[in-house]
Ligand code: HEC
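Form predicted on its own, single chain, as structure tokens, below.
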Amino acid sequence: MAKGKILAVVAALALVSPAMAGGDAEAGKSKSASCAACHGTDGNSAAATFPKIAGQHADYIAKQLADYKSGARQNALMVGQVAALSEQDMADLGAYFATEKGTIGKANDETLAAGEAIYRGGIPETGAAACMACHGINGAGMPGAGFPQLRGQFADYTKAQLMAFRDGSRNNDGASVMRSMAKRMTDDEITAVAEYIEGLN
């Protein structure tokens, strides 16, 4: 994808990114007990199948919770968790987890070079854009445009999400950006970039 097209996509997403109600981190902490079983008390999950949400952008967390509640994003476990949450509850939870510090894992040495090349340079042969164009050089994301923090995320979780975007079972990405990118990646390329992201900081 040409640089001009990437900038156009970023600008478009910035315009459609929903404005969430301001969250209260202290209130969010008091509401987070049910999150701890899967995501840890501070948002650093101990299981690679559950994402780390510590340090994630508040609005992104709130949007994902809202998407689970509306059905825009599917997950049987999360549907039950969000059923009773109000918009303010979601904003408060987002505000709380955003204040926590995410842990960083370790990249796989065997796929490090391939993963870094994709993250920083994309895949020119298929037109997949560099991940850092939206998620930043160090994986911090772009909260204003709705692009999440990736750094330190479990490789298993990142890989599962890329696969879901690729097969269309996850489709709550603005302007189909992630679905478009994932469709341009092979299984090995997805694995390599996911393993690189786990050690990114």
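As the structure is a prediction and not an experimental result, all values here were calculated from the model. In this text, residue numbers run from 1 along the sequence as written.
Not pictured, yet referred to below: the form predicted together with the ligand.
Taking the partner from elsewhere, Asp173 is found to have a heavy atom lying within 4.5 Å of the ligand in the predicted bound form. Shown alone here, Asn108 lies farther than 4.5 Å from the ligand in the predicted bound form, counting heavy atoms only. Among residues of the shown chain, Cys35 is one whose heavy atoms approach the ligand to within 4.5 Å in the predicted bound form. When the ligand is considered in the predicted bound form, Lys69 lies well away from it, no heavy atom lying within 4.5 Å. Against the ligand in the predicted bound form, the set Pro51, Met78 and Met185 is in full contact: each member has a heavy atom within 4.5 Å. Residues of 121 to 150 lying near the ligand in the predicted bound form, listed in sequence order, are Ala129, Ala130, Cys131, Cys134, His135, Gly146, Phe147, Pro148, Leu150, the criterion being any heavy atom within 4.5 Å.
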